[in-house]
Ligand code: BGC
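A single chain comes next, written as structure tokens; it is the form predicted on its own.
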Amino acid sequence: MENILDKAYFICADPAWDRICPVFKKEFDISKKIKNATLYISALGVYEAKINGSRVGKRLMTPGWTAYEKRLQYQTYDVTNLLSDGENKIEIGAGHGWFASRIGTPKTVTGIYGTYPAVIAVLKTEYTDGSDETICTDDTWKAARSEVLVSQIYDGETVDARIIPQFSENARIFNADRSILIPDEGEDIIETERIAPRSIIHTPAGETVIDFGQNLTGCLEFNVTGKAGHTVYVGHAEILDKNGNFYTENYRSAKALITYTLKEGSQTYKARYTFYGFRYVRLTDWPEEVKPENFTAIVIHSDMKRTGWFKCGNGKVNRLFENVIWGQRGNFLDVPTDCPQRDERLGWTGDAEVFCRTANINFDTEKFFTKWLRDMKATQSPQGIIPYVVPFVFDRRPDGSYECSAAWGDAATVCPWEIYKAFGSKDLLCEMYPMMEKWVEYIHSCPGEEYLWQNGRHFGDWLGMDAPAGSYKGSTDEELIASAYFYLSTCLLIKAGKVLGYDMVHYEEMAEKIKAAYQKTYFNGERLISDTQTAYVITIYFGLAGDKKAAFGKRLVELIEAFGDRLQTGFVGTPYLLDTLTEIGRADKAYTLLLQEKFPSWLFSVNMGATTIWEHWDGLREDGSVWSKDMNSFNHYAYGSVASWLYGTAAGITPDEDVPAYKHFFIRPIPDKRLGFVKARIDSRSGTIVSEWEYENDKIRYSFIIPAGTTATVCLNGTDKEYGAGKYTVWGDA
């Protein structure tokens, strides 16, 4: 099928312009009455289009980030109202974006995909007389240097506002594959909120710093008045150091800097082609009095519909929940990134795998994840390997494949299944099933015992608190983790296959053999050979414990209590920790961990002033010092997976995987007086679900709403009962 953009060419500026961002222009006349006009546009890089001086659409960072080797989105805009009779002009500015910025962690200045941006566009105008006309990008377009001298994802923008583009050269044809162009699949990236400064700080180091009171992803908009040629510098940071000074060492090599040279008089600036992760900004060489009204932080992320809310009688837990929401907003910017500030901002598969369930409750993420999973499928190696990050940016193996890790690559099975449960998308499950199967078969083919995953290189229980000195990996045996995930992914493949009507006997037999090999290899009497919290959590939660479930559960509680009722889990164990305790009948201990305020705990960061989820449990210590300079993001959503337990146990709302999209669901709240009350709401695809409870003297008042067209199994006072649509109140003993 012909793509309309096949009529156009990718165009670029003179490569000798180096890092300067170009703008391209085409002037044309219209002498007929317009019926409608459509702009089709994309870029290797990011673009901003204007017609007759008016910006086309409200989307930012378009066309987004995909696996550029195989997929590049284009957008379609109705621009009928932007055209006029007579002379018209279309301009397309191009920034380096993910395509031509340094992405990954190298300290180079060029991108891994390309060194400069290119754009492609078709403007199709239909007239009332039945005729039509197309204007396509080619070498007749004019090119000019824009005022944006540098625009990088990590390093920020350098702008000279004095520059007025001079269209004195023709654009050049950029040789690129147009067959990779696909219609837009992702959510729009837009401005979603504007935040005024909380305070202006004069630090002990003599710097002027603005605090916006919230760690966020987006950009700064400022108004400034001064003399032409004066240059100001604006840095970005998440925290202040223990002395109250601006701190950027955790950004590693990312400069995250605005360098802005003024034109004469008053002017307004905000980023055009990049974004930042920050709470604080530092002003250097500001030419006038710093006034709060001249600064605004603009929040930017993918435009997902908010669908989940939670509130309880503990203010610190409520702040934790808000931190989870802000962490998702900050890291769901076209791809599910690990962090939005330092020299990564990558689609780490492990982070998405552990957070996917929570993400799907907080927001309607089906469209967002579908686009990313298609990139994952396109990136999967012929051997079935799923890399650490999608889109992939690191070095490949000599055979062209990737390094991979258990729990990270298992996003290939976990995410499609979680999306199916939340939204009921059987078509997506069908589309992703081959990827899921290839991943399981890859693990099966790895060297070592056939039904275990041995001899691999894994991240293990990343950032577990029981890590040996000098290591980022927790102490849980990596092959135990890998083999447990082998079993989990095989089980999820079986579930998906059965939904799709496939014969899954082969994989059911494989799953039993994996379980048997796991138990033979890793069981040591009443304990596991890896005697850690995480080992017991995943063994129980993934269904591998067998008749040792009670003993392993008892040992898990012993380990928690021996550590002062605190967790030691990292990225692998933490997402399932509270669910596992609930499963073994110790929801009381789960509440104790939730409400623990001593380090390490969720509320420790809240007490330290966190407004997003931290990467490390003590990213900032009680004395104000930092845990690490090189692995210390303060906006890293993985540990925010605790919110799924708040919805699923504290409020008790869980989907029924046999009847997905909440057409049938469960309400099985487990109250605890330490929370006082709980109110939760999920705007599911099947309607709004509400679950509330509150202690009143020696009773508990339960209230719940079941939407029209659905049913729910409700467990209150120890008894399951089926309910149809309606609003209910039930009393129980405290």
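Numbers for residues come from their place in the sequence shown, where the first is 1. Please read all numbers here as calculations on a predicted model, not as lab measurements.
Heads up, the form predicted in complex with beta-D-glucopyranose isn't pictured, but that's what we're talking about next.
Undergrad: Could you tell me which one of Phe571, Phe355, Tyr536, Tyr276 places a heavy atom within 4.5 Å of beta-D-glucopyranose in the model of the complex?
TA: After the contact test, the surviving option is Phe571.
Undergrad: Which of these residues, Glu344, Glu91, Asp334, Asp375, gets a heavy atom within 4.5 Å of beta-D-glucopyranose in the model of the complex?
TA: After the contact test, the surviving option is Glu344.
Undergrad: Among 575-583, 630-638, 356-364, 505-513, which stretch has residues with heavy atoms no more than 4.5 Å from beta-D-glucopyranose in the model of the complex?
TA: Checking each option against the 4.5 Å cut-off leaves 630-638.
Undergrad: For Phe310, is any heavy atom within 4.5 Å of beta-D-glucopyranose in the model of the complex, or not?
TA: Although beta-D-glucopyranose is absent here, Phe310 would stay clear of it in the model of the complex, with no heavy atoms inside 4.5 Å.
Undergrad: Closest heavy atom of Phe459 to beta-D-glucopyranose in the model of the complex, within 4.5 Å or not?
TA: Close contact exists here: in the model of the complex, Phe459 approaches beta-D-glucopyranose to within 4.5 Å, heavy atoms only.
Undergrad: In the model of the complex, does Phe423 come within 4.5 Å of beta-D-glucopyranose, counting heavy atoms only?
TA: Answer no; every heavy atom of Phe423 is more than 4.5 Å from beta-D-glucopyranose in the model of the complex.
Undergrad: Does Glu187 reach beta-D-glucopyranose in the model of the complex, with heavy atoms at most 4.5 Å apart?
TA: The answer is no: Glu187 has no heavy atom within 4.5 Å of beta-D-glucopyranose.
Undergrad: What are the residues of 597-628, in order along the chain, with a heavy atom within 4.5 Å of beta-D-glucopyranose in the model of the complex?
TA: The one in contact is Glu615.
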